[in-house]
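As structure tokens, one chain now follows by itself in the form predicted on its own.
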């Protein structure tokens, strides 16, 4: 059996080596290049391919892969919104993703960023860096004094709720599909507008499907409390960045943390030092002392990377054997 992997990073190689040692009967080859119509030929002779990229899996890409005899595609990530499923179905592709690799990694990052905003660590760090060791006027707020709204109570949202409970914050939540255990605790509001009206801070944990497009928008922000804190470490298309900037300018939004961006492909995970920065909106946000921007790193922990590698390669083997892994994508 042979598996070919695309876009393997240096930080993934230790996990990949562990997996290979546990599967001596599987031949593994890989490249650091992305899967494209041009690089699909590298997988010739493989039974399955393993991939991770923000680049679209277009009809042309899938056709090129099928042309070399490969129709088993295992993603090392959660998101599947960049796959042309009509083409995948026509070409009879088997597809898997890694829906749960480390909810803690993402939930922890979101709550760390919320804590940093409350304690104003960005302006304080900047003061200390220039040897200004005065406290005032950089005064913080306590998490336990906040009502925090959680939108989406799946694996990640529930970890975030537990973290908030540890801080002593009041938690309210909204989910189209409520969790029975959380329902017993009485933390759900009746509708999302109630959450907007009550929350001092709001964090998103929902997928970037069409029904969730731009949850943070002019209309929803207008329904929120004055001085609300917003956090988004989920998907970039959950927020209208122009509405966010307007809210920050007016003071309606007091603080904002983002780890994802609707137009992050080609911007995030690139070194722009000493080069013209191509996105004035993100440059503006980075410059603000009440905004924290991270480049899609919430998932990026040793545990999460290991799980993404191991689960995706396990699924690739299952597909090659004619089996259906538990993490197969149904479409």
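Positions refer to the first chain, counted from 1. Every value quoted in this text rests on a predicted model; they were computed, and no experiment measured them.
Separately, the form predicted together with a small molecule exists; it is not shown, and the next lines address it.
This chain is displayed without the small molecule, yet in the model of the complex the stretch 175 to 183 from 123 to 131, 140 to 148, 175 to 183, 247 to 255 comes within 4.5 Å of it by heavy atoms.
In the model of the complex, at least one heavy atom of residue 298 sits within 4.5 Å of the small molecule. In the model of the complex, the small molecule lies within 4.5 Å of some heavy atom of residue 234. In the model of the complex, the small molecule lies farther than 4.5 Å from every heavy atom of residue 104.
The closest non-hydrogen atom of residue 153 lies within 4.5 Å of the small molecule in the model of the complex. With the partner omitted here, the residue from 260, 163, 229, 195 that has a non-hydrogen atom within 4.5 angstroms of the small molecule in the model of the complex is 260.
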